[in-house]
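The chain that follows stands alone, in the form predicted alone, written as structure tokens.
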């Protein structure tokens, strides 16, 4: 007996899905992502025992639990990161940014730092390590580290804190030995102290209802996320990040991203180590 033919995605169906996914996530797939999108869509069509895109899309749109949409989000989002990526911004944090923030802190008030997207945890854990190792005043302040992502599966990996050789390849050997242990299968397990120092949460940055609880951050690391959005979604995300910051707070973007091309809300701050963006004090 012949096996059933694999589902196919027509141009019209691709556009329908692209528009739907964009409305839900703010992520817009260009035509050059067609193969990537089709492959993952077909994977989910088969996994849900649907025979056609039409049947699957009806199920996806009207599923009240949102579980299948989350499965798709987890498949469609790209998670490419490693420890100490774009390290100059971490250096800027401990040498310049925190010194700018501290005079505005009241006694006992915590320093709040947000990493979004957290991906599998390399960035927020890098922040924790950098503060511990290179900021002399780390023990004098209460530091809250929050890390968020839209992908629920990648958050599970982040909370687990287990990494391969590629992830730790830019980490200095003495820090690797200090903060990691090697597992039986050769993976690198980050220490429980570091795992417990970060609060991992799930959020869609373009969902304003979800973003309302994210407020009063002193520093936000939002690197290499806005490049996946179109102009409209970038403005929505930029305004949400602006609202998440305290007056005078800072945001670090990826090296190919520019807040000045998205919105006039932020001002440029040029420090010796890096150029980053600041929410005006008033």
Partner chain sequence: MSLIKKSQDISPPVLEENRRTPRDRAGLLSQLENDAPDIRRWAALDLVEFPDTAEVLCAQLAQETQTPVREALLTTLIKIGNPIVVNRLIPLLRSEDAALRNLVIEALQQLPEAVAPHMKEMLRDPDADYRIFSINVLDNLKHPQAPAWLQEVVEKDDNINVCAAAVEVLAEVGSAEVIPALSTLPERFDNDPFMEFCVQTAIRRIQGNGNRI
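Keep in mind that what you see is a predicted model, and the values were worked out from it rather than measured. Residue numbers count along the first chain shown, from 1. We call the rigid core the largest set of C-alpha positions that still match within 1.5 Å between the two forms.
Not on display, but discussed next: the form predicted together with the partner chain.
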* Check each of 212, 104, 170, 177 and return the one that places a heavy atom within 4.5 angstroms of the partner chain in the predicted bound form. => 212
* Taking 8, 66 and 195 as the candidate spot, are all three within 4.5 angstroms of the partner chain in the predicted bound form by heavy atoms? -> yes
* Though only this chain appears here, would residue 20 touch the partner chain in the predicted bound form if you measure heavy atom gaps against 4.5 Å? -> yes
* Asked: Is there any non-hydrogen atom of residue 38 lying within 4.5 Å of the partner chain in the predicted bound form?
  -> no
* Examine residue 144 and determine whether its closest non-hydrogen atom to the partner chain in the predicted bound form is within 4.5 angstroms. => yes
* To do: Flag residue 138 as yes or no: does it have a non-hydrogen atom within 4.5 angstroms of any non-hydrogen atom of the partner chain in the predicted bound form?
  => yes
* **Which of 218-226, 231-239, 29-37, 249-257 sits within 4.5 Å of the partner chain in the predicted bound form, heavy atom basis** => 231-239
* Asked: What residues, if any, in 147-164 have a non-hydrogen atom within 4.5 angstroms of the partner chain in the predicted bound form?
  -> 155, 156, 159
* Tell me, please, whether between this form and the one not shown the C-alpha of residue 68 is shifted by 2 Å or more, with the rigid core used for superposition. => yes
* **Core fit, then residue 15 C-alpha moves 2 Å or more between this form and the one not shown** => yes
* **Large Cα move at residue 269 between this form and the one not shown, threshold 2 Å, rigid core** => no
* Since the Cα separation of residue 28 and residue 254 moves by 3 Å or more in the predicted bound form, tell me which way: closer or farther than here. => closer
* Do residue 211 and residue 18 have their C-alpha atoms closer or farther apart in the predicted bound form than here, with the shift being 3 angstroms or more? -> farther
